[in-house]
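First, one chain by itself: the form predicted on its own, in structure tokens.
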Amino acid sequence: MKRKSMLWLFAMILVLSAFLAACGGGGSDDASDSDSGDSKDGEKATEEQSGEPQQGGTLTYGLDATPEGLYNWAFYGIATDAEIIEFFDEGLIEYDENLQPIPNLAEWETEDNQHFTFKFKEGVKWHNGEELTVNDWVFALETIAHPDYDGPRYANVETIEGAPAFRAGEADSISGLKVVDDYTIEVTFDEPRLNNLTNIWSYPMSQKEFEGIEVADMSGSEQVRTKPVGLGPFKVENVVPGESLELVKNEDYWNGEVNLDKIIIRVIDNTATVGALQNGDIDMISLQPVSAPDVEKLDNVEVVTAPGLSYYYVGFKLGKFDNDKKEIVEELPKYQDLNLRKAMAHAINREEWIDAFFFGYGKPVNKPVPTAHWIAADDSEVNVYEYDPEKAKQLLDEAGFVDTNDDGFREDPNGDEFVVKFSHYATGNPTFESRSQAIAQYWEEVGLKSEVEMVEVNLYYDMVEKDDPSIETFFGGWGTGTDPDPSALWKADQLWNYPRYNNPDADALLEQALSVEEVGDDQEKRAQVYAEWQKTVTEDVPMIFIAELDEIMGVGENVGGFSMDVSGYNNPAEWYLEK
């Protein structure tokens, strides 16, 4: 069976995008009456935006995915929940447009990158009226280090001196935390590292709010699910699980005036985005690339973009991981041949694929760090696998993958049938299966028979994480945080190293990049070590790096004060509605 032409697939995508736009459209070109400041007769406001912040009004913010409902930084697991938490809570540290840490709720100093002194701002109030103190931060750190903690943040605490002993039940407190007074705390790490500051968990929890609640019960409590409190510009007034949240202005916000009276967060179907923006049902939403071209056509909405810090990839399962031993305990043979992996990389026309599925809001990525990050190597410093099907065929021939029975597909070097099994997560998005089929067809173009398996998204990453035997090659995405250290995703002793990549030289480079002794405060030297690591990874091809995407926001013309860069969007306290 020969590979079908890609033309049918791209035609399908055009049909799907038209379908999505049609489902999301409707109504006239004029915005309807709403709480977002449009005129009651439905006509667009004709006044030019003054640019001066205006007070009052209710902004409606859309979500095209249902939140899980864990509204606390220590417990959330999906990006949708984090998108909500950002409105009502914040941490000790912020990051500038260069992804460098800057003080927010606290300042710090250190002379050796092991011993830090943090000084909290005084007079900052939680939404429950209690004053923020360093004890709230100690409470958060000890919650995360507690043996009954069921969230995913322990890696951000374990390098504090004494945290492992506390977690093991061998100590009643974390020895590396020394409270000097209500606003001053000394933190000692187990060793000096360049990322101790950017890695440490920097979000306090209200000790008063969680009083009497056992750590094992916190994630299911109303303090996390329906009545969360924070330190941010808005307070949670009401939660309708899976549907909406009502946030009201925090009159006691520590960081200046809050312009809006309310923010309503509404969950909408992802096929309804365009229509909801056009009709003024929502004022803002983070856009999927499939919707953005149609939103661009709307007169009453601006599409705002910024470089993203995430990338998509195709991973190879090269081994199995024992999470108790924290080591790769078995090597899986099917994709061990380096030429096979290189050939599969050369076979994918990433430019064509990105144009078809991301509508101009992405570009190929050639390394395990998005281009916008300061540690990203230049493409000239890494191995780049451009689309070259003839090169792919040559590499497969050299590796012994040849068609021995004239059926149009290659057998493995032993003459046995070889089928690439490719897994992709399934959601309500109809383009996901099409984009995975597209990748499989690129491989069939060079003679590798391929099968796609769509797996329900809530099961998918659990299967990938547990090295389910049905997962052989798989589609995934990673976001690179403001902390540039990628060890948690790549070192051989890390659970989130999903391909089970095992190269001691690569691990040594990651350790070198954090070494105060070897790198010191020379940021350029540190970036060069990370560039060498990226070169090593791209030589080994444990995954095929596919695409990096822009962050895209649809913002109504009545919304002022909004801005966005690589570090995210600005403080929602600065947003306002034109009246």
Partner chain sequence: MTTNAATGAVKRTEKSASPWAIARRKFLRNKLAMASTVFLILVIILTLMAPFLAPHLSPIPDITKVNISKMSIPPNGDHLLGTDKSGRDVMTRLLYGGRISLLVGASATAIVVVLGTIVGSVAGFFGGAVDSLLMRFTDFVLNFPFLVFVIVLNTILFGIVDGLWVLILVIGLLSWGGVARIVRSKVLAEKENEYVLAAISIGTPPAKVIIKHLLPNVLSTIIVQSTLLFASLIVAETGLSYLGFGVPQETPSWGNMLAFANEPDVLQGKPWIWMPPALIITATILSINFIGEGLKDALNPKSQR
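Positions refer to the first chain, counted from 1. This structure is a prediction, so every number in the text was calculated from the model and none was measured. C-alpha atoms forming the largest set that superposes within 1.5 Å between two forms make up the rigid core.
The form predicted together with the partner chain exists for this protein as well; it is not shown, and the discussion that follows is about that form.
Contact with the partner chain in the predicted bound form, defined as a heavy atom within 4.5 Å, holds for exactly one of 364, 430, 481, 101, namely 430.
Among 456, 96, 251, 181, the residue placing a heavy atom within 4.5 Å of the partner chain in the predicted bound form is 456.
Taken together, the three residues 110, 117 and 207 all stay farther than 4.5 Å from the partner chain in the predicted bound form, as judged by their closest heavy atom.
Taking the partner from the other structure, the partner chain in the predicted bound form has no heavy atom within 4.5 Å of any heavy atom of residue 284.
Mapping the unseen interface onto this chain, residue 291 counts among the residues with a heavy atom inside 4.5 Å of the partner chain in the predicted bound form. Using a 4.5 angstroms threshold between heavy atoms, residue 352 counts as touching the partner chain in the predicted bound form. Of the heavy atoms in residue 377, none are within 4.5 Å of the partner chain in the predicted bound form. Stretch-level contact check against the partner chain in the predicted bound form with heavy atoms at 4.5 Å: of 484-492, 269-277, 84-92, 171-179, the positive one is 269-277. Core-aligned CA deviation for residue 350 between this form and the one not shown: 2 Å or greater.
In the core-superposed comparison between this form and the one not shown, the C-alpha atom of residue 426 has shifted by at least 2 angstroms.
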